[in-house]
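This document starts with one chain, in the form predicted alone, laid out as structure tokens.
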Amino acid sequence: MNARITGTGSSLPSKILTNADLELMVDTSDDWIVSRTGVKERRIAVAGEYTSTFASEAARRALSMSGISPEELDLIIIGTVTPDFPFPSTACIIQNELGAHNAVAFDVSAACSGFIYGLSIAESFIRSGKIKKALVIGAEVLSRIVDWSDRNTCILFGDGAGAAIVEASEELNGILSTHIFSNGSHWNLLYQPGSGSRNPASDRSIDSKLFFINMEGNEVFKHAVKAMEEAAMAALEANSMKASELSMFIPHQANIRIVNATAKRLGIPMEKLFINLHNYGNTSAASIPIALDEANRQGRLKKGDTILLDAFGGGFTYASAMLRWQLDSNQV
């Protein structure tokens, strides 16, 4: 049994934070931000909006496109590093929100690679014959863990969610392969120091801003490009393909320098890239499923297209997935 994506969905906050807005908050400028990151604006959750808020809406839109009901789901996986709570899992909250009472639900913590990690797990369950229908989500509210006085990180991140329905199929096409990797030797280059057992909530941890993202940007850049190239090559080699045969490349929308450098290393022309980071910034695990849904709904994905997904995130984690697209334009 093979697996294929039968529906996509995404959801974003309505509040927009522009580079001009950030100029009033920290020592930065629109030119400085765009030249270094490619980000022009990002979406920010407001009071009363949580990771589950956007994950639920993205899931409903994906379910609607696929034409299946929540009760038919066997599995719900959410990739996130900003869950509603440390426990229970946000996936269990989504299960309740959707009424997907027959589904097993759990979260995956793989940072920006979270969606592809989830996709790989769902594909494996389906290929094993244990399940038939899965919901995979990438969702983040990173604005809650960003230090808005740190111009090196606050300019990068945004909030949102993307989702995909993955179903069993007897067709050979669909999800051709998934590839997941980890390198824990550099975990401390990109992490959130507070909230865990090492630095629990206290006056010291709060005053020291340990609950915010900590990132060594230059070092992360070096590892990100190399790792994304490795993950992409694993997918190409597994499917005996050349980069020139791809219909579309959807990389993690980290920043434009990483995207451009990765594409250059792989020899993929810019016209085959899908880029939306200028509108949303880096949304971590939500990045790729938001981009996939946008490309799908804009009619840029045609049945039979070969699509490469490629991600890198804290951990370090990195991952790729090769898809042979099976949705007709009239299904979107």
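Nothing here was measured: the structure is a model prediction, and the numbers come from that model. Residue numbers here begin at 1 and follow the sequence given.
FYI, the form predicted together with a small molecule isn't displayed, but the following is about it.
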*Sole residue of N279, T306, T28, S69 within 4.5 Å of the small molecule in the predicted bound form, by heavy atom*: T28
*A234, L156, I93, I180: which sits within 4.5 Å of the small molecule in the predicted bound form by any heavy atom?*
L156
*Is W148 one of the residues lying within 4.5 Å of the small molecule in the predicted bound form, judged by heavy atom distances?*
no
*T37 within 4.5 Å of the small molecule in the predicted bound form, heavy atoms*: yes
*Taking heavy atoms and a 4.5 Å cut-off, does C112 contact the small molecule in the predicted bound form?*
yes
*For R257, is any heavy atom within 4.5 Å of the small molecule in the predicted bound form, or not?*
yes
*the small molecule in the predicted bound form: contacting segment from 248-256, 196-204, 162-170, 122-130, heavy atom within 4.5 Å*: 248-256
